[in-house]
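Just one chain is shown here, as structure tokens, and it is the form predicted on its own.
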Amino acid sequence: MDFAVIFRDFVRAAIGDSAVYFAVAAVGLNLHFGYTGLLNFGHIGFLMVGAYGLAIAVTFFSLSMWAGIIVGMIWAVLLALLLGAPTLRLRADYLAIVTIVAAEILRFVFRSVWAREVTGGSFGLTQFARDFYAINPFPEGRYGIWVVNFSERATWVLVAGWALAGLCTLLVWALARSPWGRVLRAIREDEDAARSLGKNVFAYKMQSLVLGGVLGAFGGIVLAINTQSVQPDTYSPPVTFFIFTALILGGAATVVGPIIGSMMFWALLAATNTALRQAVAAGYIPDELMSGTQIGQVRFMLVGLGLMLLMIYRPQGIFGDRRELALER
């Protein structure tokens, strides 16, 4: 077993591109679920409209990438208003159902044949982030420490992405400690009590849904810029639950929980993948027990087992409070 390689993959995944866009998206989901108690099971829909808003604005309407980002934000606001208007006055499970269905409807619309001229259909759209890479301040080369290093393009994405994640975290941290954030917490604890004090619960929930949706769209934009492509099947329902896993792993309703949870989620997946491949190649694990093609599934099983143990012994997550995970009290 080459533990240096396992450690390298662990660190690269912890600070890599997947952890970045997960972290930004998880900050938005934390505002929904952690601070407001909204069950958004279709968070991937906000990532999708953010990414496609950018891609379509640049590719189809020939706008600049920066204008495309604004278009993605506007689409996220409209999606939040469309989802929240009929559901936020009802029980929490109605929002959960509507969000997951809406995300799937969007995915099928974007991949449909009749929308191919605009969305690229099942093939998606590519090469729309040249403006971002045109201002890359890093000269050609590799940047990092020891065996953990990235190309100049990847480094530029990581620097910009983690800076965005930090700004989003600071924004949510400031809002959570403002009177507005305290009302959200009161609504999460007991919305009838908040309503009896004269608070417009529907308006506060809608504001949280819109803001968290915009942050989720930022996550989708980071993913789209990194890959320079959008493809509808990238935004499948399991991604929402992976983001939930990362959030709960770090701790809901905490400042650094979404960031640390996203880093640990991808780092554990990468480390277990490398360790299992080495163990199979070295013969420590016999072919009768597990083949190389089964490693991808087994690593998810191992991470799931770890999460089960975490839920048993520390259900509030690494940095969380046990009370933050209770949906109804």
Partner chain sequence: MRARWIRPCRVALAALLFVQLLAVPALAETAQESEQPSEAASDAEEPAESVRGTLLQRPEDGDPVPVDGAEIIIRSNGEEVGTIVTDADGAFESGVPGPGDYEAELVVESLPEGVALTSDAEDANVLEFDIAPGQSRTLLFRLGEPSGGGSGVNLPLQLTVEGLKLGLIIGITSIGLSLIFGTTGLVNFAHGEMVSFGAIIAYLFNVTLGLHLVPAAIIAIFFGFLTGAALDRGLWRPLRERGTSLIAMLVVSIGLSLLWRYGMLFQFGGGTRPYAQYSVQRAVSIGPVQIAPKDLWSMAISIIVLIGVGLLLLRTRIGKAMRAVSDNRDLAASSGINVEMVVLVVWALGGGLATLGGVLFGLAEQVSWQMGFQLLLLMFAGVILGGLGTAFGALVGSLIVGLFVQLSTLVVPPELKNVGAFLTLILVLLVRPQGILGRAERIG
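Residue numbers count along the first chain shown, from 1. Quick caveat: nothing in here was measured; it's all calculated off a predicted structure.
A second form of this protein, the form predicted together with its partner chain, is not displayed here; the remarks below concern that form.
Inset, instruction - Have a look at 232 to 240, 147 to 155, 126 to 134, 177 to 185 and name the one stretch with heavy atoms inside 4.5 Å of its partner chain in the predicted complex. - result: Careful reading of the contacts points to 232 to 240.
Legend entry - Residue contact check: R91 to its partner chain in the predicted complex, 4.5 Å heavy atom: Answer yes; at least one heavy atom of R91 falls within 4.5 Å of its partner chain in the predicted complex.
Inset, instruction - Verify the contact flag for R111: yes if a non-hydrogen atom of it lies within 4.5 Å of a non-hydrogen atom of its partner chain in the predicted complex, no if not. - result: Although its partner chain is absent here, R111 would touch it in the predicted complex, with heavy atoms inside 4.5 Å.
Inset, instruction - Indicate whether G283 is a 4.5 Å heavy atom neighbour of its partner chain in the predicted complex. - result: Answer no; every heavy atom of G283 is more than 4.5 Å from its partner chain in the predicted complex.
Legend entry - 4.5 Å heavy atom contact, V77 to its partner chain in the predicted complex: No, V77 is distant from the partner.
Legend entry - Listed residue (L63, I70, L268, V298) with a non-hydrogen atom within 4.5 angstroms of its partner chain in the predicted complex: Of L63, I70, L268, V298, the residue with a heavy atom within 4.5 Å of its partner chain in the predicted complex is V298.
Legend entry - Interface residue in the predicted complex among L170, I97, A163, A193, criterion: non-hydrogen atom within 4.5 angstroms of its partner chain: Checking each option against its partner chain in the predicted complex, the one that comes within 4.5 Å is I97.
Legend entry - Complete contact of E104, G304 and M308 with its partner chain in the predicted complex (any heavy atom, 4.5 Å): Contact check passed for all of E104, G304 and M308.
Inset, instruction - Note that its partner chain is not shown here; using its position in the predicted complex, name the residues of 278 to 298 with a heavy atom within 4.5 Å of it, in sequence order. - result: Residues within 4.5 Å: E288, L289, M290, S291, T293, Q294, G296, Q297, V298.
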